[in-house]
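Presented as structure tokens, the chain that follows is alone, the form predicted alone.
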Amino acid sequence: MKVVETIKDIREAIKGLQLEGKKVAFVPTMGALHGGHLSLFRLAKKHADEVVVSIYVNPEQFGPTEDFGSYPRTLERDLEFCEQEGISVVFTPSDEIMYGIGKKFMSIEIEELNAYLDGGSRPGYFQGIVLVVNKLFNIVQPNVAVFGQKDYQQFQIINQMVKEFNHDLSLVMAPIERADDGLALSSRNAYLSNEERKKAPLMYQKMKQAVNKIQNGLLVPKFLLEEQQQELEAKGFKNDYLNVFSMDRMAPVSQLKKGETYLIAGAVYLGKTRLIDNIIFEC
């Protein structure tokens, strides 16, 4: 396994693989790897001959009051995971490598797709993600890139970026990897206290209950979701959002149609930890 830090070195490593006729899959990460990331690596292997991983905590997607400084950084352990999973190349750039030095004159704006969910709660979040992913795609130039369903809005926005910026690659969405009790795996789960960790799966349970009632004929979900939010708050959660959204525009849906597919998605705070989750379901 090669570990490289510069754009020149990662390009040479990728070029070497592609000159051998190898199809390359790419999984961008912010490190603090866990079972969810490993499931992405394994899915990537099914779509390509070689897998390339980036480990980079992107400052551009963190707001001024968010956890950039305390975000878990476990590079040595992450590299061990990558080697165990048979990753071919790991790209570990610095901020200087990714963004250079001095004033920046270019930015990326997003319309509509980031108005709700995490885009609505975290201004500038997806602009930062699109900026870094666009850079990474230009640097790595993979054949395939893999992202997880847990960040479904991110997947949709990056998919639109690929179309509009004419990146020559295909995207693959991996299903959410969960702990035995249903909690979606996340690097931020490490922030949870033991007591909070026991409570954390409740959000997923409430979302499943809501989906079950919707699929049994409740086509106006507003009051149902308010009930779920009240139950979560009574257990010590602080709600950010919980709603049913359209799959394409990422906009709240007030009236559901039989036979259509939707996304129920939520974000909550449990103590200082922000948890997100979603379920794709057919009405």
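These numbers come from a predicted model, not from an experiment. All residue numbers refer to positions in the sequence shown, first residue = 1.
What comes next is about the form predicted in complex with a small molecule, which is not displayed.
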As a check of understanding, the residue in D151, E85, D118, E196 with any heavy atom within 4.5 Å of the small molecule in the predicted complex should be identified as D151
Answer key, the small molecule contact in the predicted complex at 4.5 Å (heavy atoms) among Y71, F137, Y191, Y204: the residue is Y71
Contact between L225 and the small molecule in the predicted complex at 4.5 Å, heavy atoms?
no
Checklist entry - Closest heavy atom of V253 to the small molecule in the predicted complex, within 4.5 Å or not? => result no
| field | Exercise: L40 in contact with the small molecule in the predicted complex, heavy atom 4.5 Å | value | yes
| said: Quick check on M30: any heavy atom within 4.5 Å of the small molecule in the predicted complex? | reply: yes
Partner contact check in the predicted complex: of 100-108, 206-214, 86-94, 183-191, the stretch with a heavy atom within 4.5 Å of the small molecule is 183-191
